[in-house]
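Below, in structure tokens: the form predicted on its own, a single chain.
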């Protein structure tokens, strides 16, 4: 059985920078309020026209493929993670395949939100290990800005998210002890509605307890259509119970990191760099304190980009690598937690 390694990595963020002060034009907020709760100073927003989740993913993919010293023609499988696809269907994987002129290779779309890239990486790792594929392109990309509530009502969610993309090329390696050592994936749907975007969907809220159901307009034939009322009352936008998410994340983040270390007979002191999903700087700081990691052992860039969900781990990984914070032989831990709830980790010997 082969081991898999990250042979190339790239990221892309839009040129449009929106600071916290810029958001005060749309909602009652301020820089101090946002930084105190999230650590975010600014984020990037894609162009409204022409720049999509797929096009951003392509930009990151081109860089990753070049750095892997391979070509588009050599890619034999695509895994694309996003919660903000260009279309409800088909997924972004086939759109990327088409636009990059790839052969008729398989394309898999992952819908695991913030933990999407870690899930995608784990799947790619299994394909490489079994020898089924030799060059897998794994992409995490998001365009949140088109579907956020920029009113004061939606500020607790909208100030957090940004747009961007990251990508890696996974290849087999024969170097002993190198590459992805293990991946660990989990889920718990008990509180699925604590962080969700209910529409488009066909449930009409049937998964919610009766006392939780808002007074949503319902269609006689079941299912939901976007209505003016839904825009007016905010039910068309993402919903998050921030306190519930925080409480769960600060437990599951350390758990899944320690799980990966235990699996490989290692300790937190062995980690050269932890790259957590950039959900909230306060969560990352809590995890750092829990695991007793030094500032030089954790990489955060949420201050500049906000939460780019499935894109946040590969963007941070690439940026850390470009800044020389990742060196040959380093032990790198990736971890993510998000809607579902789903969470996971990957331990890598660079």
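Positions refer to the first chain, counted from 1. Remember, it's a predicted structure, so these values are computed and weren't measured experimentally.
If you look for the form predicted together with oxa(dethia)-CoA (UT7), you will not find it shown, but the lines that follow are about it.
**Student:** The chain here is shown without oxa(dethia)-CoA (UT7). Which stretch in 256 to 264, 122 to 130, 99 to 107, 275 to 283 comes within 4.5 angstroms of it in the predicted complex, by heavy atom distance?
**Tutor:** Partner-contacting stretch among the options: 275 to 283.
**Student:** Contact check in the predicted complex: 68, 169 and 173 versus oxa(dethia)-CoA (UT7), with a cutoff of 4.5 Å between any heavy atoms. Do all three pass?
**Tutor:** Spot residues vs oxa(dethia)-CoA (UT7): no contact at all.
**Student:** What is the one choice in 95, 271, 195, 75 with a heavy atom within 4.5 Å of oxa(dethia)-CoA (UT7) in the predicted complex?
**Tutor:** Residue within 4.5 Å of the partner: 195.
**Student:** Quick one: from 137, 81, 114, 165, grab the residue that has a heavy atom within 4.5 Å of oxa(dethia)-CoA (UT7) in the predicted complex.
**Tutor:** Residue within 4.5 Å of the partner: 114.
**Student:** Does any heavy atom of residue 252 come within 4.5 Å of a heavy atom of oxa(dethia)-CoA (UT7) in the predicted complex?
**Tutor:** Residue-level check for residue 252: no, no contact with oxa(dethia)-CoA (UT7).
**Student:** Even though oxa(dethia)-CoA (UT7) is not shown here, does residue 26 get within 4.5 Å of it in the predicted complex, heavy atoms only?
**Tutor:** Residue-level check for residue 26: no, no contact with oxa(dethia)-CoA (UT7).
**Student:** Wondering, does residue 185 line up within 4.5 Å of oxa(dethia)-CoA (UT7) in the predicted complex on heavy atoms?
**Tutor:** No, residue 185 stays farther than 4.5 Å from oxa(dethia)-CoA (UT7) in the predicted complex.
**Student:** Under a 4.5 Å heavy atom criterion, is residue 240 part of the interface with oxa(dethia)-CoA (UT7) in the predicted complex?
**Tutor:** Heavy-atom contact with oxa(dethia)-CoA (UT7) at 4.5 Å: present for residue 240.
**Student:** Using a 4.5 Å cut-off on heavy atoms, what residues in 121 to 159 are near oxa(dethia)-CoA (UT7) in the predicted complex?
**Tutor:** If the 4.5 Å heavy-atom criterion is applied to oxa(dethia)-CoA (UT7) in the predicted complex, 121 to 159 yields 155, 156, 159.
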